[in-house]
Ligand SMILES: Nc1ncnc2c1ncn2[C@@H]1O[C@H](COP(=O)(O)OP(=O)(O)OP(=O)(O)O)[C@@H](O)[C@H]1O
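Take a look at this single chain in structure tokens; it is the form predicted on its own.
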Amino acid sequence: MRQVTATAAPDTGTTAAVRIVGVEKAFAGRRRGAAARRALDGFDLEVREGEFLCLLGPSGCGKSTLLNLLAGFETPDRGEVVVAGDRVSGPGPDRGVLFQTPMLFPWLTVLDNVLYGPRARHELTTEIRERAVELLETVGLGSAMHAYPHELSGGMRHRAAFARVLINKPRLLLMDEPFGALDAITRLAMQRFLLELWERDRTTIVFVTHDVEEAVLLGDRICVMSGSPGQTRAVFPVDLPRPRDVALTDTLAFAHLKRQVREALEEGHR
């Protein structure tokens, strides 16, 4: 497996979907007079169009801050964040965000949750309704579209959240440890589900995780971040065949790359 330098541009002729250049971000101390906490310090990264990139790093290294900058929830103190050629200046439907806890409205059915975005933008049409039903069939919730979130299992709620994001046809999918709170069996099922969706649509994904094995299983590349303030420590290409399944985790190639990534993660945390 070949480790590339942290600031190297991807070796590809395809357009960069995401470009992060010299980004710095700090947050004021909670107490009066306390020094500002630097979350990111000179962070650089490019993500290819259609790439599945995993962000891996210790707690507090700025992974979630970086996702918030890409989503437009935060603005950098220095540097620039560019998505699809445009500098990010705020949230938009072109960037879908999925968190560890599915953000579903409990008073709405699954179908109405999926339709919430188009309805709020006054874009609800018969075609959009048909697409919502099709999406729910695709994610295995066709028979549960009129159920409420509390009637669903954890995995079903995550799939409903996927459908609610995908209805907007985002160019970039931002995922902040979406499977971190799931039990082991449901987590494996959701990893398979995500891989199948990505193979079908090839949406550009930036996926935050603490789990080295998850990063190696899912990603095209893995960006390992240093401890706070966050910087790009190393970027690993994942030269493993696709389509992938969890059976890949039993191979020697998988174990070798997993060890390399874990060592880089441990060194960056010292």
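Don't overthink the numbering: it's just position in the shown sequence, from 1. Quick caveat: nothing in here was measured; it's all calculated off a predicted structure.
Here the subject shifts to the form predicted in complex with the named molecule, a form of this protein not shown in this document.
Proximity of residue 37 to the named molecule in the predicted complex: non-hydrogen atoms within 4.5 Å are present.
Though the partner is left out of this view, residue 64 does reach within 4.5 Å of the named molecule in the predicted complex, counting heavy atoms only. Though the partner is left out of this view, residue 177 does reach within 4.5 Å of the named molecule in the predicted complex, counting heavy atoms only. At a distance threshold of 4.5 angstroms between non-hydrogen atoms, residue 242 is out of contact with the named molecule in the predicted complex. Contact annotation: of the candidates 60, 50, 42, 237, the single residue with a non-hydrogen atom within 4.5 angstroms of the named molecule in the predicted complex is 60. Heavy atoms within 4.5 Å of the named molecule in the predicted complex belong, among the stretches 198-206, 42-50, 64-72, 215-223, to residues of 64-72. Counting a residue when any of its non-hydrogen atoms is within 4.5 Å of the named molecule in the predicted complex, the one hit in 204-218 is 210.
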